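Read the single chain below, which is given as structure tokens and is the form predicted alone.
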């Protein structure tokens, strides 16, 4: 099929439109990201999780793992349909990580734009592995999805670091600069606080790891342009597969071109080989080759669906090996001690599904971690096993679950955390508080302290006191209030542990015992009038 001749001016306009679209989508993404932060309201007014809901890779893997159609992720079908029409345009026109990588080219120039992709089968291999694992209910897509990687780094490292930098700078100018400087900087600081900076300073356990992953992807641009997109991105491989099935692509380049290889040299995705064959799996419709082709033989072309084949471009040996390796993971993970005895320090957000279903849906997007008012949600390392890496958990010594907040469920793009009404949230029990009487001041030292009871948010206080008289170190009788937990009212929010005035380890701590998600973890009931104890003993 011959390529229709289109005036080059039209391609130039298309390339300008692509650049404008990239910039606009990047700005929209950053604006939605900033709106994920708490702003004083318990309602999120914008679709801040839109990027994750239009991601076909996350949608497919999550639905495979959950074995259910997830309506929240139905918008991903729009991207699938557009990819069938326009090929892998999403990577070149919309993807914020791709736009970020393109933007770094002025800093990390390299001469390998048109060189063959270093690992041409790796992205498809990763895609196959995450799909097989998802089908066996082992969620891995969130570790390698470009949006999850980008948002995790921004939420846990870049955004908090920007807040710290701004605080340091404006504190310095306020304390050290002359009044005329403050007349300029203070309004600027007020504007940034209102529209750009986070609501408050936050701290995250895996900030360095999340940032290191993003920096590695950006730094790889020095090795090869769009290194991550070409060699590693499973979302790109999936969209490339849709592009191969689709009806639109770039075609052209013949023997008549002679020794000209300009299209091959300038292609940022390495989609054009030395023989000027254009790979639809890799072409992102950047329009560079169409604009710069000296003979104007390259152009957009319509083809019958599926004419270019439907394979994943993997050898049979690699395909079988990947399936076997990914398929072996779930049985091995199933025999760990963690499976039989869950970690009691693993406290999930209120509204989280039962642990297995939660992990199957969680895409490690960090949206709930970013929006958490109390800075209580932290990314997990290995507390929930390797399949729980980066999933949210409450670390009550760092922060707590705000009693009147339901934001984490509102921003979750997959329903791993259910949206709760305020009444449901007040009744939701995510864990239980326990006293360490060897550290609690009224018990261990005979020193009065009521901090935990003062901060307990439940209307019927879950922390109460028994009035006792103890003998202090001087031999005097001291009347004291010794705290205890009322099991029926404690919801495990963790504010008692956060506010405990002891340095280091708190005298009251929260575990996942008694959480609503798992009825088998309910706390032992008081035997009441029975003279026997728990279990009849």
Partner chain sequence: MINRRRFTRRLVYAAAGMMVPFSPVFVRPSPAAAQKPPELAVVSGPDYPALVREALRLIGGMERFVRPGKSVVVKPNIAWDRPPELAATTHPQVVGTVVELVLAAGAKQVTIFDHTCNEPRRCYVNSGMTELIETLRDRRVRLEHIDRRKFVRTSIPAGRSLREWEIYQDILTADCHINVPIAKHHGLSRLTLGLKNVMGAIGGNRGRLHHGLAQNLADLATVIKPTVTLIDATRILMDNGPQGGRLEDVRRTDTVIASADPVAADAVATTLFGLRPEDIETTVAAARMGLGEMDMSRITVREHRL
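None of the values given here were measured: they were computed from a predicted structure. Positions refer to the first chain, counted from 1. C-alpha atoms forming the largest set that superposes within 1.5 Å between two forms make up the rigid core.
If you look for the form predicted in complex with its partner chain, you will not find it shown, but the lines that follow are about it.
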Original post:
Three residues, 403, 449 and 459; all within 4.5 Å of its partner chain in the predicted complex via heavy atoms?
Top reply: yes
Original post:
If you check in the predicted complex, is residue 35 within 4.5 Å of its partner chain, heavy atoms only?
Top reply: no
Original post:
At the 4.5 Å heavy atom threshold, is residue 170 in contact with its partner chain in the predicted complex?
Top reply: yes
Subject >> Contact of residue 191 with its partner chain in the predicted complex (heavy atom, 4.5 Å) >> reply: no
**OP:** Tell me, yes or no, whether residue 182 is in contact with its partner chain in the predicted complex, where a contact means a heavy atom of each within 4.5 Å.
**Re:** yes
**OP:** Scan 205, 453, 356, 436 and let me know which has any heavy atom within 4.5 Å of its partner chain in the predicted complex.
**Re:** 453
**OP:** Heavy atom within 4.5 Å of its partner chain in the predicted complex: which of 254, 421, 315, 200 fits that? Just give me the one.
**Re:** 200
Subject >> Partner-proximal stretch of 507 to 515, 61 to 69, 37 to 45, 468 to 476 relative to its partner chain in the predicted complex, 4.5 angstroms, heavy atom >> reply: 37 to 45
Subject >> Stretch 477 to 503: residues contacting its partner chain in the predicted complex, 4.5 Å heavy atom cut-off >> reply: 481, 495, 499, 501
Subject >> Shift of residue 39 between the shown form and the other one at or above 2 Å (CA, core fit) >> reply: yes
